[in-house]
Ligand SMILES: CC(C)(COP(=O)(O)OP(=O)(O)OC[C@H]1O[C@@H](n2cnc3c(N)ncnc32)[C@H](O)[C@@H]1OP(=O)(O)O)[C@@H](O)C(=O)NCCC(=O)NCCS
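One chain is shown next in structure tokens, namely the form predicted alone.
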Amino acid sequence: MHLTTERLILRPMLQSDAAALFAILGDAEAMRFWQRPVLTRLAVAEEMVREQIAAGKLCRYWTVWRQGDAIGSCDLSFIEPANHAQTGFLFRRDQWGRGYAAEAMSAVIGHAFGEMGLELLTASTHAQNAPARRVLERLGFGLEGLVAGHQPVPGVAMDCAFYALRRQTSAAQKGA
């Protein structure tokens, strides 16, 4: 299933997306707030894509394209039918600050609450990741809580911010 926005196309992740994913996951600045080390080998990204594709109904991963160039990814994971899923996004550093994450995630949210009939989306990020927190808040996610030392980044335990968006909240915001 493809999702489209004014500037972007989100399509299911393909094995051929491994190089684009490696470009993001191999960037130390892009990975600063992730709990996994920076990738140093394309083969690791290839295996990650294989695993994500194999996850099937438990997860939906989209590669985000702009003018023929893969610039990021969005996902719905740990999907519980007609109820709940976790969501997230990751974009190439040279694409930050251009509104692509919010635009792509708006399409994912619409799909989750529309076609999929989900009631609740959750997201988490490191508390110090102010740009990601702003995107989530702009999309209507509310802060549910902070947990100290929850998600360890290699060598450092960082605080984690947990967010939630309910379908009725999302619908009310669109009507406002």
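Numbers follow the displayed sequence, beginning with 1. Note that the coordinates shown come from a computational prediction; the quantities given were computed from them, not determined experimentally.
Not on display, but discussed next: the form predicted together with the named molecule.
Check: Which of 62-70, 43-51, 129-137, 110-118 has heavy atoms within 4.5 Å of the named molecule in the predicted complex?
Finding: Result for this chain: 129-137.
Next item on the list: Classify S124 as contacting or not contacting the named molecule in the predicted complex by the rule of any non-hydrogen atom within 4.5 angstroms, answering yes or no.
Entry: Heavy-atom contact with the named molecule at 4.5 Å: present for S124.
Check: Hey, in the predicted complex, is I79 touching the named molecule, heavy atoms inside 4.5 Å?
Finding: No, I79 stays farther than 4.5 Å from the named molecule in the predicted complex.
Next item on the list: With heavy atoms only and a cut-off of 4.5 Å, decide whether A101 touches the named molecule in the predicted complex.
Entry: Yes, A101 sits close enough to the named molecule in the predicted complex that at least one of its heavy atoms falls within 4.5 Å.
Next item on the list: Find out whether any non-hydrogen atom of A55 is located within 4.5 angstroms of the named molecule in the predicted complex, and reply yes or no.
Entry: No, A55 sits far enough from the named molecule in the predicted complex that none of its heavy atoms falls within 4.5 Å.
Next item on the list: Between 83-119 and the named molecule in the predicted complex, list the residues on our side with a heavy atom within 4.5 Å.
Entry: In sequence order, F89, L90, F91, Q95, W96, G97, R98, G99, Y100, A101, A102 come within 4.5 Å of the partner.
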